[in-house]
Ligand SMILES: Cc1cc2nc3c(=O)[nH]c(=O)nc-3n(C[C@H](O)[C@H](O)[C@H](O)COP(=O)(O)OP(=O)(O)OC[C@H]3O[C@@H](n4cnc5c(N)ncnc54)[C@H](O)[C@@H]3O)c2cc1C
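Coming up is one lone chain in structure tokens, specifically the form predicted on its own.
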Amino acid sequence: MIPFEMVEPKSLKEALALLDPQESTVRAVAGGTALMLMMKAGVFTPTRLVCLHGIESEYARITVSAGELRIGAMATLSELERDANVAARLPVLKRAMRTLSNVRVRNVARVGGALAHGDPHLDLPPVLAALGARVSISGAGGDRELPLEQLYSGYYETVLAKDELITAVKIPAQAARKAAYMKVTARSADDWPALGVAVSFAFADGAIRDPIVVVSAATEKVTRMAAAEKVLHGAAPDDATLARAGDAAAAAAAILTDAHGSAAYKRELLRVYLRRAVREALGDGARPVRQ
């Protein structure tokens, strides 16, 4: 491995100052689970890594204020999985975390790093997007906030500038909304999915209200399915409605062929598992499906 500089700032402000917006070989590192693999494979060769472990502890806290859940970017995935507020308020997120990679990775990987990596196969982004999450971002030019799905611009690409860092994720109070996440894997439950589908919606008087439908893994980035949401809104979750929603999502999604399956195969999975995800949400669940 080519030698590189490792710096350990003691504050977020110091960390941001150490990033270079003109230099792609300078990178912040949180858990480092993906970055280390990229370095070992020779995909990324850094000149400087900015370790974030020493910045203020507030960026690792998970708190609730006025019903909103705030997840510090430096919280580990295991801390997210075990947090009492997450379990009580967002059971779909807790259940999804159980099959997010393996416990060794979850003990090290950080929420901010998992989101900033931009891998469309990851489980956390679609679940958070379906819950209406927003990401807080800090950089040399100031602070900004945006809906989580708008963080992603393409395959392994985000809208983050080279001198910006994710500082937190904010999830609004869900009230009585129902949610589910289903991922389809060809091998073990914690493997990379061929398809991920996350849904959330209110349910009143026998009809779905204000649905959010998010697809990942089969697409180049986390993607909301507006056409499917339109079909579902105001409708009863009967077989005909769910079939139309699945067809609408399959027609609108830009599906990729890869080692996990052909585009045609994954498009059919989307038709089937969107229906199943809505039904699962009526019981508030999240589970993997092996094929």
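Note that the structure is predicted; figures quoted are calculated from it, not measured. Don't overthink the numbering: it's just position in the shown sequence, from 1.
As for the form predicted together with the ligand, it is not shown, yet the points below apply to it.
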Worksheet item: Okay, which stretch from 250-258, 236-244, 24-32, 218-226 lines the ligand in the model of the complex, with non-hydrogen atoms inside 4.5 Å?
Response: 24-32
Item to complete: With heavy atoms only and a cut-off of 4.5 Å, decide whether residue 105 touches the ligand in the model of the complex.
Response: yes
Worksheet item: How about residue 192: is it within 4.5 Å of the ligand in the model of the complex, going by heavy atoms?
Response: yes
Worksheet item: Hey, in the model of the complex, is residue 113 touching the ligand, heavy atoms inside 4.5 Å?
Response: yes
Worksheet item: in the model of the complex, does residue 95 have a heavy atom within 4.5 Å of the ligand?
Response: no
Worksheet item: Mind checking whether each of 83, 89 and 130 has a heavy atom within 4.5 Å of the ligand in the model of the complex?
Response: no
Worksheet item: in the model of the complex, which of the listed residues (184, 122, 169, 179) lies with a heavy atom within 4.5 Å of the ligand?
Response: 122
Practice prompt. Within 4.5 Å of the ligand in the model of the complex, which residues of 70-102 have a heavy atom? Give them in sequence order, or say none.
Written response: 73, 77, 99, 100, 101, 102
